[in-house]
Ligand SMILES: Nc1nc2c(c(=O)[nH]1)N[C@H]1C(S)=C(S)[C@@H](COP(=O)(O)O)O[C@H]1N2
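What follows is a single chain, given as structure tokens, in the form predicted on its own.
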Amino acid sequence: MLTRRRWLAASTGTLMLSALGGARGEPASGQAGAPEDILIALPGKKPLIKRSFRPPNFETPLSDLRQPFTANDAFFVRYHLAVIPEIDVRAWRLRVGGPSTARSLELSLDDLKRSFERVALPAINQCSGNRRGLFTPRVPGVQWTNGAMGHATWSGVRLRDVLRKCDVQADALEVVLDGADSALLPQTPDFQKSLPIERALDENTLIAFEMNGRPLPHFNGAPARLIVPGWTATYWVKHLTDIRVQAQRFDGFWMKGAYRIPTGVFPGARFASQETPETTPITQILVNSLITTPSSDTRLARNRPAQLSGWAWDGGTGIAAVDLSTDGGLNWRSAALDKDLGRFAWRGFHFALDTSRPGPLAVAVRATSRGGEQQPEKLTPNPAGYHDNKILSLALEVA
């Protein structure tokens, strides 16, 4: 469990004001934080932007999102409950079963590693509320800017292979997942999520125990977590302890009352058993992009080479194109795309900026997926502050 004493000891000498730049209310600036952001080092992590202490919610600075894979010690931290146990890997067990299975299993970490095929998958892990802090007007919730996300290679075993050992029955509707984190107060709902059985049995849904070739960090779900590539991180249950297959819709708070969006407003995969006429669970990540270089308000030297670069991603079809405008969106030109790392990975892009004329440079970037989805010009308001994927803009100066 992360105690205040451990937190204060680990953060000695690392508490500082961030100078990352970017102003509140400029949601597409490409900045990871505002000048008042405070950087704190959690145990096992480098200094990250503190959004809350209990539960711990820490954002990755923009400077740590410039590499193809986000370093484990720089990866964002997101929790809903305050009690996060330090788990003894030797004693950890994963219970798998439920009323819609013929048998139950209890697996150690060694059992997972020895008994099932190992797979590795590069994928974006993005909080549903990424960029919520840039919404105008302000909405409640953790005030993330651009850093409640990261890209890593996740290694483990397929959830479907584990479920098949339990002989899933024909009436199976949802798979309910629980982790070891818990609340301080008994009346606080346990953080449990469910998946439709089809998504649970998808070949890309994993139980992962490694991240970028290393054991999962404590604050990213050790010893094992769920990976649901293409879907937002609310389903990526950390410190996984229990998997239950059932024939009924799961009625827990974090499905029934939270992480819901207006029905029919956003594109993305449906979760039919959880839908109502008014709301539906958030599922797929929408097509999006992030400018990592240069930062907003950067002064570019006239007639000196300058390159804009960043990342684009979507919910699993892959990126087809990234376009760039330097005249406020009147005209668009294609950016060069970097190597395709996989359908669930982000795709790098770069573009040589024209620095021949002095003055302001209004840059806009939009991504288009292979599925035909394109970043919109305007934010789609919603009460929980989800799915900010509007076209990015960046104010630069050539001097």
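Values in this document were obtained by computation on a predicted structure and should not be read as measured data. The numbering used is simple: start at 1 and walk along the sequence shown.
Omitted here: the form predicted in complex with the ligand. The next part is about that form.
Partner proximity in the model of the complex, defined as non-hydrogen atoms within 4.5 angstroms of the ligand, places exactly one of 68-76, 112-120, 325-333, 265-273 at the interface: 68-76. The shortest heavy atom separation between residue 250 and the ligand in the model of the complex exceeds 4.5 Å. In the model of the complex, the ligand sits within 4.5 Å of a heavy atom belonging to residue 237.
Contact check for residue 225: a non-hydrogen atom falls within 4.5 Å of the ligand in the model of the complex. For the chain shown alone, residue 209 is not a contact residue for the ligand in the model of the complex, no non-hydrogen atom being within 4.5 angstroms. Contact annotation: of the candidates 255, 233, 261, 107, the single residue with a non-hydrogen atom within 4.5 angstroms of the ligand in the model of the complex is 233.
This chain appears without its partner; in the model of the complex, the one residue of 80, 165, 95, 138 with a heavy atom within 4.5 Å of the ligand is 80. If you take 184-199 and check each residue for a heavy atom within 4.5 Å of the ligand in the model of the complex, you get just 191.
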